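In structure tokens, the next block holds one chain alone, the form predicted alone.
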Amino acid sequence: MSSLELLTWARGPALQAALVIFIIGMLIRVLEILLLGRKTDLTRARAGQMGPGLRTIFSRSLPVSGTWKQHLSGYLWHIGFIVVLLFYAPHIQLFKQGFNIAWPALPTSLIDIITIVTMAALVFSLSLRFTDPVRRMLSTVGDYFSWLVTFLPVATGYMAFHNVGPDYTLVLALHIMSVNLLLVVFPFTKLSHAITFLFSRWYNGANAGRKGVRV
């Protein structure tokens, strides 16, 4: 298979299959959460649930003492990843081709800087897992795999943008394939927290609120 054939396959049938797996997988994950059977709490509610649940969604996003580096690197790469995904002109063109929607793109020089910051934040996040004894002990193979499949699209996209490597078509094909891999594994790894965190945080906050615990 030539580089051009690989690129055609990666952004054609492979991307379509990855999108289907991603959508169906995430629907199953969300339905699992919503339909999960729970025992009826027969105790008397001491306070409302909605307010504490909503507060917890936001309060758990704020750094606590001693975790500002972790939160800062986390915010940088999450925001950077989304900005590059949604506001890089070639990505917008893909959305236009697939869904017939488009919006203004950011300057490529700014996207380049954001990409570098995103990669640096991801590397820093990984270094925390190696240098912090507690995080190192709690980290699993799945955590490192999730980091890798997140880092690969950013790194290969940067390489394609700067034409790094002897064959631009091959690098671009690898970039799209890394995106396909991310889509496929997303619903089945901790990466799914990007959507399910809303449910888990609300549930914990609402449960605490019902018991009268201040959150």
Partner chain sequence: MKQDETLAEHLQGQGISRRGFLKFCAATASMLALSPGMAGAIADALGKARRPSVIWLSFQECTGCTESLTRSHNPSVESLILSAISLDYHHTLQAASGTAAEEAREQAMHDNKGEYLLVVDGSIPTGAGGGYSTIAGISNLQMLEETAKDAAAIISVGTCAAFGGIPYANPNPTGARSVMDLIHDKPIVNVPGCPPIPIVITGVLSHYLTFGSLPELDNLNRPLSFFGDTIHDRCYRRPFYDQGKFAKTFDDEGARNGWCLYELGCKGPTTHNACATAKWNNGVSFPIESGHGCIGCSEPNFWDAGSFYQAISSSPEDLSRAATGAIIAGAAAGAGVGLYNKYKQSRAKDKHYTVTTKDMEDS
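Note that this is a predicted model, so its numbers are computed, not measured. Numbering follows the first chain given and starts at 1.
Another form exists, predicted in complex with the partner chain; not displayed. Remarks below refer to it.
- Scanning Ala120, Leu126, Ile79, Ala89 against the partner chain in the model of the complex with a 4.5 Å heavy atom cut-off leaves one residue, Ala89.
- The candidate spot formed by Glu5, Leu94 and Ser109 is fully in contact with the partner chain in the model of the complex: every one of the three has a heavy atom within 4.5 Å.
- When the partner chain is considered in the model of the complex, Arg11 lines it closely, a heavy atom lying within 4.5 Å.
- Although the partner is absent here, Thr169 lies within 4.5 Å of the partner chain in the model of the complex, judged by heavy atoms.
- Interface membership of Ala206, defined by any non-hydrogen atom within 4.5 Å of the partner chain in the model of the complex, is ruled out.
- Put simply, Leu152 is far from the partner chain in the model of the complex: not one heavy atom of it is within 4.5 Å.
- Only one segment in the set 161 to 169, 53 to 61, 144 to 152, 186 to 194 has any non-hydrogen atom within 4.5 angstroms of the partner chain in the model of the complex, and it is 161 to 169.
- Residues are counted as partner-facing when one of their heavy atoms sits within 4.5 Å of the partner chain in the model of the complex; in 19 to 36 these are Leu19, Val20, Ile23, Ile24, Leu27, Ile28, Leu31, Glu32, Leu35, Leu36, in sequence order.
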